[in-house]
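Read the single chain below, which is given as structure tokens and is the form predicted alone.
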């Protein structure tokens, strides 16, 4: 589905953002794209969706070259950006106007998602809160049934109950023929949702692993003191958070701790 080989990219008059990165991903998973602010998460999503053109290297998404913006590519990808603009339309009118661009759009699923997010079709999109706008955009995107769903900071603007509903609806809406990429700095919002972590830092892919592989290989423990055998450890108000090699007793993954470990140079690959 996504094949990137030795891709480099830089904005004009700026140092390279990406230098010869390579990614190969297939359908049937939810990927968490993580990185510090300014690491290039949104830029990578723009390259995948064809909003930016690489300086060198190869990129193929759904067997298309994204920058060409071919209609047969665009109707297979739905991108929910962090910030967006809606025309002066009701939710119902917007759906009627834009659903035909997506051949796999499901009215039944849209109604289900609208109900799940407690959205009213007659509401004007320019007269509702940011959280309601975000929920509608997510609902519409999932209802397209596009093979590739891209969500950039989808939980920004959502209250705590809505974040839980988002996780539930996203997990239940995707098929094995689809892929979702979620870019976020709010790692706690997605740690129970994602199947794989892709972490970028300083223009490179520094970590790329399935959650199941991490769970098999490492354990996450909180102890009064730092463990000598820790691969990575940091202090918190609850005690020391440790990542240690697994002993056959799987623990819940602390995605924030994992993120800090990788960014601080711990060897977890």
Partner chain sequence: MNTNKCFSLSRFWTLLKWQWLLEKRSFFLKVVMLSVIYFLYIFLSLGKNTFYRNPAFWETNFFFLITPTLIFIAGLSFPFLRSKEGTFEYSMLPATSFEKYMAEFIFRCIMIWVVSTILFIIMAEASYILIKVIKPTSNAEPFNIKYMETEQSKIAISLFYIALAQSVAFAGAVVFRQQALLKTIGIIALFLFLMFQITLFRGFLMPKGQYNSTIQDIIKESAIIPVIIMAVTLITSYLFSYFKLKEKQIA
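Numbering follows the first chain given and starts at 1. The model shown is predicted, which means the values in this text are computed figures rather than measured ones.
We do not show the form predicted together with its partner chain, though everything after this point is about it.
For a residue to qualify, one of its non-hydrogen atoms must sit within 4.5 Å of its partner chain in the predicted complex; none of 164, 247 and 255 qualifies. The shortest heavy atom separation between residue 134 and its partner chain in the predicted complex exceeds 4.5 Å. Its partner chain in the predicted complex comes within 4.5 Å of a heavy atom belonging to residue 89. In the predicted complex, its partner chain stays beyond 4.5 Å of every heavy atom belonging to residue 29. In the predicted complex, no heavy atom of residue 63 sits within 4.5 Å of its partner chain. Contact annotation: its partner chain lies within 4.5 Å of heavy atoms from the stretch 67-75 in the predicted complex, the single such stretch among 153-161, 67-75, 189-197, 174-182. Contact with its partner chain in the predicted complex, defined as a heavy atom within 4.5 Å, holds for exactly one of 205, 52, 55, 231, namely 52.
When its partner chain is considered in the predicted complex, only one residue from 104, 96, 129, 115 comes within 4.5 Å through any heavy atom, namely 96.
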